[in-house]
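Below you will find one chain, with nothing else, as structure tokens; this is the form predicted alone, and questions on how it binds or moves follow later.
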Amino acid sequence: MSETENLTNESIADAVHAWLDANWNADLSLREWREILVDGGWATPHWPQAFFGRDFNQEQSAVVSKIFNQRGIVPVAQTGPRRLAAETILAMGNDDQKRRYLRPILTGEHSWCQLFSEPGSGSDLAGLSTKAEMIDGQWIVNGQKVWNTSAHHADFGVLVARTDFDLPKHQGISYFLIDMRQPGVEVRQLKQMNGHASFNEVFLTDAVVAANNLVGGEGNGWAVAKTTLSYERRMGGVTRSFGGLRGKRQGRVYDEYAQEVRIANEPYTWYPQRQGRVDLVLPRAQQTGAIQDPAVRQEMAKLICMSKGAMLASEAAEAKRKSGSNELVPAGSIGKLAASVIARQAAHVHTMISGADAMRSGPESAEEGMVAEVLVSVPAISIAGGTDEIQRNIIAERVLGMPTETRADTGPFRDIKRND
């Protein structure tokens, strides 16, 4: 039995309060405070002691989080793709990579992005064709990535690229940590039909990756990428809303944290709309009188039941995870597929309630254009992080145990027909 298993929740709470009393200072800079927090081991208590944690289980970590929230303590940097990068490096990286990259992620010194999807291989991630070659002791990367959130201000990226075109497509992939500030990386922002510009396309031209920034070994990138995707899909049904500190608070650390949150949240401001804004349905129906229409009420009831059911399923999956289960991918896929179905149903109900007014934007339109933004944003949730079709395959094969589909893309990757 480890030392942490003997700790009671009360003793953990006492230790957290005592440490905060001795170290918390709202007049510190954000970076100064986070350096102290990381050194104290309270930044990520569920992580190993060797890497800035305390080996706490989920229940013990929840005690720490509750106290931080109650006292309004600024946490470590965890916004956007940073979290995906950190969890992947922690799970699959070697000790050298953990020492070099985890601390700057937690302190906020480094921001990250995710370089997975490509124009010719979005949902079929294993069909990627970005090439990485070992030349003179370093990896040289050429190709194009797309739908990269925050790439325009990222310091580093997690990258999957093909290192062997003679192997089957899932076997010739490697996973890298790439410097986004180098000359060989060009980032261009993409304008969406809902008016936002949350994503980027990234062009890699003889970009360099040091040999020691290969994660998991050459050719093992698919297994590492699945770790990243499991966390992404688990987060996919949750609005990326950061901050969590209620009320007006004074001090340099709060001011700098608020600025960090504003920058991190900017790409995600439309995410509640892509999820359908279920919260607006009942008020809108009451406001417009559509609540009196039995057909509208029936579709609203279906939507609310689906939404509540998905929430309960998510809580059950989280409870299973906290019990020690490592099965993240199917649970994430079920939640992501449910989010897509709910979002489409919400768009349908909004249209029933608002009629043609749902297509108008501006101050005189439904919810000042918010309903119109829902309608043009909802399709994205069925695409991002793996399409609905991909999620159905995962659920069918890995959860229900159904036979795998017949594939036409076996054999060496270079022989597979692709849309290049």
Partner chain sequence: MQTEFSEDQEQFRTMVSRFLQEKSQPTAVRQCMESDAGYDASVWQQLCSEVGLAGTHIPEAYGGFGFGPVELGIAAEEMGRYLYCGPFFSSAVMAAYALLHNADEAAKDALLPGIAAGTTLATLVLDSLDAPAKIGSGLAVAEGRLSGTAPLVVDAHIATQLLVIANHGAGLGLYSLPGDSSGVSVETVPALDPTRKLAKVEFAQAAVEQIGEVSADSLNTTWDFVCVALAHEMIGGARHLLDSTIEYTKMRYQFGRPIGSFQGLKHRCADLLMEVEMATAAVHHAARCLDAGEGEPYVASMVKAMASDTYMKAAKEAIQMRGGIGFTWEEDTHLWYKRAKSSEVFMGTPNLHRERMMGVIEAQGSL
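Source: prediction; values computed, not measured. Numbering follows the first chain given and starts at 1.
Here the subject shifts to the form predicted in complex with the partner chain, a form of this protein not shown in this document.
Partner contacts here mean any heavy atom within 4.5 Å of the partner chain in the predicted complex, and among 201 to 209, 187 to 195, 291 to 299, 165 to 173 they occur only in 291 to 299. Candidate site formed by L312, I395 and E405: every one of these residues places a non-hydrogen atom within 4.5 angstroms of the partner chain in the predicted complex. Think of it this way: in the predicted complex, the partner chain has a heavy atom of just one of I304, M134, A91, I263 within 4.5 Å, and the residue is I304.
When you look in the predicted complex, the only residue of A258, V341, I140, A223 with a non-hydrogen atom within 4.5 Å of the partner chain is V341. In the predicted complex, no heavy atom of Q182 sits within 4.5 Å of the partner chain. With a 4.5 Å cutoff on heavy atoms, L400 counts as touching the partner chain in the predicted complex. Although the partner is absent from this view, E389 contacts the partner chain in the predicted complex, with a non-hydrogen atom inside 4.5 angstroms.
When the partner chain is considered in the predicted complex, L177 lies well away from it, no heavy atom lying within 4.5 Å.
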